[in-house]
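Take a look at this single chain in structure tokens; it is the form predicted on its own.
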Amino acid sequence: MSSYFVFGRRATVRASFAVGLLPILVFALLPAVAVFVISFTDVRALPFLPVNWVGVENYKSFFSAAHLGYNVNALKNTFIFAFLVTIIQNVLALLIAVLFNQPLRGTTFYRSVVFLPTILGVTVIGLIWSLMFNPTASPGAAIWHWFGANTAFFGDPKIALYLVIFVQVWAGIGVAVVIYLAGLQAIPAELYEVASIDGASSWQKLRLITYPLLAPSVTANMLLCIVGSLQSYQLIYVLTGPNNDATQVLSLAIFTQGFGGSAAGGSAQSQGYAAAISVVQFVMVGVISLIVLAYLRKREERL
């Protein structure tokens, strides 16, 4: 008896997968392997310089005492940035999604307003918030003056990182709201009707229906936010520049080492050293993502 195959011939499916796999190999896997190989060399962007195989010297340099203070500060800022962005963005996005899921007047307009920052470029967002937090004349400065205080905002090391986190949350919350809203609207209304007939309170509906069925959306949003914030540097570069210790993160260190802008972290514009930092960051992001994914999957099974 011949087995039925929904896609017709298997050769067609294999050819389709091959076509889809080819761009991933060319534009993702091969560059990743190349970066790993480059991390064992002293390649620089200067022409006519010989490229030497240096083994694990770039990795030793990353963990050496000469760069330890700079890299520890970058790692600390990276974890603070990723943790606060992930928590604040998800809590706010969930609250906004629950609000937008109600039959309110003008909901479509408000959804568009919340999603609008997502389509703006990083430079545009940086310009907007640089004007909003201009130390001499801006709405932010006016509010600060109400309390009799002055600050340089993005130039103030005490608050610069938190202002960047605020801007990052503002810029990325639209996608998180859309994912939560899709999850909320996928929950059958009949479940709430049956729960109401059984006398369930609003809290019981939230705890026993909404919370468990929204768990896949929470997992997706948390992972997207963690991976994105651990790799983010563009907004930080635009808002505070490449040489601000208060906002130095690991991704920005990779950029400045690879393309210039700062010599604080070691030999400037050393693509081999930048590639080594990239590998360290890849391992760090991979380990954290897998741990969080395993925890969230187990949490989904328990609900």
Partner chain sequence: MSNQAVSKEPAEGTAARRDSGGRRPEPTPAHEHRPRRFPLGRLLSYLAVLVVMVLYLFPLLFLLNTALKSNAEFFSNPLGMVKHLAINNFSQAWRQGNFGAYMLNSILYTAVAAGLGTFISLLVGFPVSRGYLKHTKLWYGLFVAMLFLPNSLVTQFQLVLRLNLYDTRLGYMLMMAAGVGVGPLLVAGYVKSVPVELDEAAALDGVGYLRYLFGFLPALLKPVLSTIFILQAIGVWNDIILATILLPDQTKSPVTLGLFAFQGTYTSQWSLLSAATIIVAAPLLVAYVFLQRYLVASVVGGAVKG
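We call the rigid core the largest set of C-alpha positions that still match within 1.5 Å between the two forms. Worth saying up front: this structure is predicted, and the values here are computed from it rather than measured. Numbering follows the first chain given and starts at 1.
What comes next is about the form predicted together with the partner chain, which is not displayed.
Residues with any non-hydrogen atom within 4.5 angstroms of the partner chain in the model of the complex fall in just one of 221-229, 80-88, 67-75, 155-163: 221-229.
For I173, a non-hydrogen atom is located within 4.5 Å of the partner chain in the model of the complex, even though that partner is not displayed. The partner chain in the model of the complex is approached by L99, whose closest heavy atom lies within 4.5 angstroms of it. Heavy atoms of F255 reach within 4.5 Å of the partner chain in the model of the complex, making it an interface residue. At least one heavy atom of Q271 is located within 4.5 Å of the partner chain in the model of the complex. Using a 4.5 Å cut-off on any heavy atom, the residues of 170-188 that reach the partner chain in the model of the complex are, in sequence order, W170, I173, V175, V178, I179, A182, G183, Q185, A186.
L290 is not among the residues whose C-alpha shifts by 2 Å or more between the shown form and the other one once the rigid core is aligned; its shift stays under 2 Å. Distance between the C-alpha atoms of A294 and I24: longer in the model of the complex than here (change of 3 Å or more).
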